[in-house]
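For reference, the chain that follows is the form predicted alone, supplied as structure tokens.
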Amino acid sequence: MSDRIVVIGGGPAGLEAAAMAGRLGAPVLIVEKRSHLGGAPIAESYAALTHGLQSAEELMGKMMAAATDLDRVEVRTESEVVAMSGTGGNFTVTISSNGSEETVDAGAIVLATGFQHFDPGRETQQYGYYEFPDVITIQDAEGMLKEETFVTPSTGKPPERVAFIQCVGSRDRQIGNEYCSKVCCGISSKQAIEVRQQVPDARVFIFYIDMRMYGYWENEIYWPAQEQHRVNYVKGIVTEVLAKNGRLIIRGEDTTMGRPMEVPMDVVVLAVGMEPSPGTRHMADILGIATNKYGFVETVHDVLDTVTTAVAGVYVCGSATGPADLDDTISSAGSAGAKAVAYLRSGAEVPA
């Protein structure tokens, strides 16, 4: 029986799961396909995390150090798990790195493969994302905000009017993503504040179906965005984005006033939702664990046990199980790391 825990994914979830298991005394191997740790916050140049508006790079650095400074935690970057055999307590995991393969023994596995952002042009040409350079996504905006250079992409000049459009790729039965992605409303409000801070003369609008601010976000970002930073929230449905006279035009319906609207903008930011990453789908197949109809990993109970899969010894955490903010991710990752250690210490039954 192996006492090693293999953590697949080196983003926030994987780092927290590895740090928890390592602190509890288990040897851990993190397998990360990118050349670096940190997941989406580092790969996509997040500026500030929504909760607390703290530097994403700084906090992710602390998370990386918390895991990698432990002697029991080993890291393999530019590596992927390509096969798994055996049963809980006695897995054999095949890892591919730079064209070569090796096998390692593992007693338990934690899947932390995260999410991908919805592609606005995948199903239909939504809001002209691939047509107009000034239609961007929230991850595009993050990169500019981090560099403190939020500009109109086509001109390189500070925008006078900026719009955020909510629920792009979420709560949409036509494309099959019927769920709320949880974080988009909060991220848009955070970014709207940052835009106003970096471009004080810009007018910023958020067009929404419903604003969903859960936990402390209501007072941390929603009300400050309006009361301190003068962000305009418009309840309505945007039906299309057009180009006219060198600007973008938002067309739709102001549902509060019950009338059509046509508003000029310089930059339109699409608040795209979360989908399971290709890695999540692929690893679910390799590990033999079930996914739901949206492609996220299923656990044995969606309330009472949100990290244990139906395969003994295999755990999952973070947004591999569904849309999650960083708070959700860290909580589930710590639980997954601890449960993996508890599973091995309880004497997992291994077939002779």
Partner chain sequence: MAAAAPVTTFATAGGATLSPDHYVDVAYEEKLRLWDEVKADPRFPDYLYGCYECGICVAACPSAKFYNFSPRKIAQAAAREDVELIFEQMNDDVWNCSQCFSCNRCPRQNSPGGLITILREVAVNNGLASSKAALEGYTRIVYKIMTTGTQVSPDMLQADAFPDWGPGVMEVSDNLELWRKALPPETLHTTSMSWQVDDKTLTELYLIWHYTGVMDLIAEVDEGLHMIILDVMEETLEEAGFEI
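Residue numbers count along the first chain shown, from 1. The structure displayed is predicted, hence computed values, not measured ones.
Not pictured, yet referred to below: the form predicted together with its partner chain.
Figure note: of the listed segments 139-147, 107-115, 251-259, 91-99, the one touching its partner chain in the model of the complex, with heavy atoms no more than 4.5 Å away, is 251-259. None of R76, K235, R171, R281 but one reaches within 4.5 angstroms of its partner chain in the model of the complex through a heavy atom, and that residue is K235.
Just one of E240, D210, E227, E131 comes within 4.5 Å of its partner chain in the model of the complex, counting any heavy atom, and that one is E227. Highlighted residues F205, E218 and P264: every one comes within 4.5 Å of its partner chain in the model of the complex, counting any heavy atom. None of the heavy atoms of R72 is located within 4.5 Å of its partner chain in the model of the complex.
Proximity of W223 to its partner chain in the model of the complex falls within the 4.5 Å heavy atom cutoff.
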